[in-house]
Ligand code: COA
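First, one chain by itself: the form predicted alone, in structure tokens.
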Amino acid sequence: MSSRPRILSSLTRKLKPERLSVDTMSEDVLLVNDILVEGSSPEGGVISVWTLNRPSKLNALNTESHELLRDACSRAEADDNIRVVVIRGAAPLPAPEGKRPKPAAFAAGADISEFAGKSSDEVLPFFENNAWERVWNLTKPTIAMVDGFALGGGAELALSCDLRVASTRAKFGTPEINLGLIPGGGGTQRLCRLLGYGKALEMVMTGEMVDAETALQNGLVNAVATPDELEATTMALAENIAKKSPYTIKVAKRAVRAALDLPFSEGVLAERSEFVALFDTEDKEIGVSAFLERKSANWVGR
């Protein structure tokens, strides 16, 4: 086995003592913890870890989940110290004696009980102001840490993140077709852009699940780790990004996102514009000087 996961575990242990709890979030549905990143610049950079906390429901997303995720997005956008957001699901609760334990889940879809008896007019306002788009539109980098099931709305939440790290027992699926529905949180569009038309349509029309290795091969996830190594792998990736210039990271995300919306020739022009504009920033001078002097860059974020 490679020594890489052991190195990553060491990094994560170093970060954990700096964990700060945020009391403004409901501990019933969403837990928010900020982890201080040593060596970030400007100083005070944190990785904000959001835990979907409905383990008895396999962390299924309900109305309150969406409301708190939207609130967390507003906070993250407004807080310059938040450099990266990691979204995860709570671990299963211990099983009662004689009962089978529940499986691990990132989020096993939407809370279907909220769909019963609803008309299109009743559900439209919710889908017009949902958490999937708020996460997608964050200017900060986002990483989904997926352990276990990511189905339906849970898969769409993972797809709304920029990067996805999965455990070997992760399973992705869009089973809405079995309810007489289709994905409604951007899943059809984001799957198509990640997997291509054929693979995306296969997932949507069959409703069948994709395992972690297949997801990695198809480009649905960026990395796969064992369940024991998942947190270390994810946090090492988040820490790497969090130590870059926060301003340049924002520009990089904006430039790559342009490829989803613009024709190729227009995207190249947009990239050129972003690149040239960075020559007027302090962080460009800091980065170039640090490279030439063979030392670490101390970013100022502008």
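Predicted model, so just to flag it, every value in this text is computed and none were measured. From 1 onward, residues are counted along the sequence shown.
Below, we turn to the form predicted together with the ligand, even though it does not appear here.
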Given that the ligand is not shown alongside this chain, does Gly187 nevertheless sit within 4.5 Å of it in the model of the complex, heavy atom to heavy atom? no
Is Ala95 part of the interface with the ligand in the model of the complex - any heavy atom within 4.5 Å? no
Using a 4.5 angstroms cut-off on non-hydrogen atoms, would Lys102 count as touching the ligand in the model of the complex? yes
is_contact(Asp147, the ligand) in the model of the complex, heavy atom dist at most 4.5 Å: no
Report the residue, out of Ile47, Ala60, Leu69, Val32, that has at least one non-hydrogen atom within 4.5 angstroms of the ligand in the model of the complex. Ala60
Just give me the single entry in Val85, Ala110, Ala225, Ala215 that has a non-hydrogen atom within 4.5 angstroms of the ligand in the model of the complex. Ala110
Which one, 138-146, 191-199, 69-77, 170-178, holds residues whose non-hydrogen atoms are within 4.5 Å of the ligand in the model of the complex? 170-178
Output the sequence-ordered list of residues from 193-221 with at least one heavy atom within 4.5 Å of the ligand in the model of the complex. Met209
